[in-house]
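Presented below, as structure tokens, is a lone chain in the form predicted on its own.
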């Protein structure tokens, strides 16, 4: 299992970020490097890419607040 993490160092730590959307469904097959989710910080979006190929397992729902380095899902 490979963890999917919120990117670090791309915005100020005091800014609130939310997991805006998952681009794939839980249990769907994904390829390494494809964008699987988007994070919104104020009016800017950041992409989260799959770190490996496999089956997506979502751990954090859309619109939940997230912090840099947080695990939001995994690839099995």
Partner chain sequence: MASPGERDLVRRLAQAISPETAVEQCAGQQAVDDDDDLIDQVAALPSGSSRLRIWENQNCLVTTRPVARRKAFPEAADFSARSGWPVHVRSSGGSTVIHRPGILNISLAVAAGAKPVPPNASYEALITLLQAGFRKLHIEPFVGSITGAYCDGNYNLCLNNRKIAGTASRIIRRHDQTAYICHASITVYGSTGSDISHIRNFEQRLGLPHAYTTSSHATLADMLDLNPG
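Numbering follows the first chain given and starts at 1. It should be emphasised that the depicted structure is a prediction, and the values quoted were computed from it without experimental measurement.
There is another form of this protein, the form predicted in complex with the partner chain, and it is not shown here; the text below is about that form.
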statement: Answer key: of 52, 57, 65, 20, within 4.5 Å of the partner chain in the model of the complex (heavy atoms) is 20
message: Whether 2, 27 and 31 jointly form a contact site for the partner chain in the model of the complex is the question; each needs a heavy atom within 4.5 Å.
response: no
query: Using 4.5 Å between non-hydrogen atoms, is residue 9 touching the partner chain in the model of the complex?
result: yes
query: Taking the partner chain in the model of the complex, which residues along 42-57 bring a heavy atom to within 4.5 Å of it?
result: 42, 43, 44, 45, 46, 47
